[in-house]
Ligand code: RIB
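One chain is shown next in structure tokens, namely the form predicted on its own.
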């Protein structure tokens, strides 16, 4: 069973001819409002890859809440532990250039009201893979990590956005997933990998991904050769599909290859959740990897 505790947003996507510089106004094309948030994205990616997923977080009482939850509900993610608060639903403003690169500003809003106490003990046991990110309060993540560790669950932490995981500790986590920029904030990757229960996974965009394991070994996998449309959510696609493979008990090298293929495929359409590939697409993409 996969339990995702994290952010639930709407994304306002604006295609632009180039990403704005400081103090620059750039006129873009028609905007799109779409579901997003790292917690929601990772939950959907895991569900579409075949996982049984529960998402726990917080939304507002505004119309954006239904938009944020729409694709999750449609794809069978269990949402009964979602809490509604008076703060507005979280929102991300995403500008996307013709090469698919983006700039993102996030207003966390309701996500800052997400609490570890929303997660019942009944969903934390040795069969659980708990998935976390950094768009909710660090202390709530830490409280949940402590409870999951006590009950024997495995923990996957996505270091996005970059920053400290304190008051949690690296040796509480099974896997830490970070892109190259996020990993650079940690210090020596090999040393971090030795502190984790399993290892550090670094995603490298068009170069694929590498897992640096606690025992000092590494596993590197390539990415699919694609022409990206929008890279928003690619890291979340990787994390969600990685978690789904871990939950299924697949070998780590296959888990990494499936996650890398999914991340590449997620760049072929506009928006994070709308572009998440399903299990069939990942299977087909794996043949090209």
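Only a predicted model underlies this, so the values are computations on that prediction, with no experimental measurement involved. Residue numbers count along the first chain shown, from 1.
The discussion below concerns the form predicted together with the named molecule, not included here.
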- residue 245: heavy atom within 4.5 Å of the named molecule in the predicted bound form? no
- Task: Answer yes if any heavy atom of residue 104 is within 4.5 Å of a heavy atom of the named molecule in the predicted bound form; otherwise answer no.
- Result: yes
- Applying a 4.5 Å heavy atom distance criterion, does residue 233 contact the named molecule in the predicted bound form? yes
- Task: Look up in the predicted bound form whether residue 240 has a non-hydrogen atom within 4.5 angstroms of the named molecule, and give yes or no.
- Result: no
- Message: Partner absent here, but in the predicted bound form, which of 36-44, 60-68, 255-263, 221-229 has residues with a heavy atom within 4.5 Å of the named molecule?
- Response: 36-44
- Message: Can you pick out, from 92, 183, 145, 196, the residue that has a heavy atom within 4.5 Å of the named molecule in the predicted bound form?
- Response: 92
- Can you name the residues of 125-160 that have a non-hydrogen atom within 4.5 angstroms of the named molecule in the predicted bound form? 135
